[in-house]
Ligand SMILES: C[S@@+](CC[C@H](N)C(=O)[O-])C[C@H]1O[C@@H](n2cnc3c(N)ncnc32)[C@H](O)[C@@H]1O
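Have a look below at one chain only, the form predicted alone, in structure tokens format.
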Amino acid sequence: MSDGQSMAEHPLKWQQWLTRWDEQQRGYLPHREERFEVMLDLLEATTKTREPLVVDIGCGPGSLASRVLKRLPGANVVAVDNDPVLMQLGQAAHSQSPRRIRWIDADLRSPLWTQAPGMPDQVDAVVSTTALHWLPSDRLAALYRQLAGLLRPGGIFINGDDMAFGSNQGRIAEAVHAVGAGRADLKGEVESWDDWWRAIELEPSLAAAFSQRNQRQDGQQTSHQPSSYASHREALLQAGFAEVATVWQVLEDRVLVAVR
């Protein structure tokens, strides 16, 4: 029996792992659900068709993609990520959903990710959450140019993520970091990112996915250094987006919207 078959036979177990993922993410992002709601409200308000085609980039195990389907039952969602563990978890956890998410294995760091098998030529919306802060500024600018080509005229890009204050806002940034650290001290005991990964690595049916994940990460340099909102806005405008704005914000956590 393959690992995929074994995982598909126990959807409740993988839904529990997905819930545990969401809980540890919420420990780092106390306003995560509010951020999701704002993103979904905007997606619903700007959708001009009952069956929009939505791409979730850096989808992880599908936390946002599944919420899109609940809010917009007629939507078709393409979930894109390069982490085999999170994608296999997402596929197993959502295997019983009435509308299956189309999962695409593609690396956003590659200029060829839009050419991955199964990727559509044009879409109505692109969404992302807590993912793009891993990209360096030059790759982020190139990604935005690709999104401008992927979205139909009038299409929308919605990104929920950390976006730093500018270099001329140093005192504000320092104060915000102090506030954030103080709030983190008050959040209580929650499972950490590292603890979640150590726990799920013990799942036998994910052994092959973890092996592939380790191979892909070998030698890669990654760091959490979010670009400033100003640099996001400038890169999107230069990519061809007509309008760009922050529509929700808690400290450095923002929802950015760009209209093609």
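Please read these numbers as outputs of a predicted model, since none were measured by experiment. Note that residue numbering begins at 1 and tracks the sequence as displayed.
Separately, the form predicted in complex with this ligand exists; it is not shown, and the next lines address it.
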Would you check, heavy atoms only and a 4.5 Å threshold, whether T129 touches this ligand in the predicted bound form? yes
Report whether the minimum heavy atom distance between R152 and this ligand in the predicted bound form is within 4.5 Å. no
Since only the chain is shown here, I'm wondering whether A148 would be in contact with this ligand in the predicted bound form (any heavy atom pair within 4.5 Å). no
Although the partner isn't part of this model, could you tell me whether S227 comes within 4.5 Å of this ligand in the predicted bound form, counting any heavy atom of the residue? no
Of the options L86, I158, V123, M163, which one has a non-hydrogen atom that comes within 4.5 Å of this ligand in the predicted bound form? L86
With the partner absent here, would R32, G58 and L108 each sit within 4.5 Å of this ligand in the predicted bound form, counting heavy atoms only? yes
Quick one: find which of 231-239, 199-207, 43-51, 60-68 has residues within 4.5 Å of this ligand in the predicted bound form by heavy atom distance. 60-68
Given a 4.5 Å distance limit between heavy atoms, list every residue of 65-81 close to this ligand in the predicted bound form, or none if there are none. D81
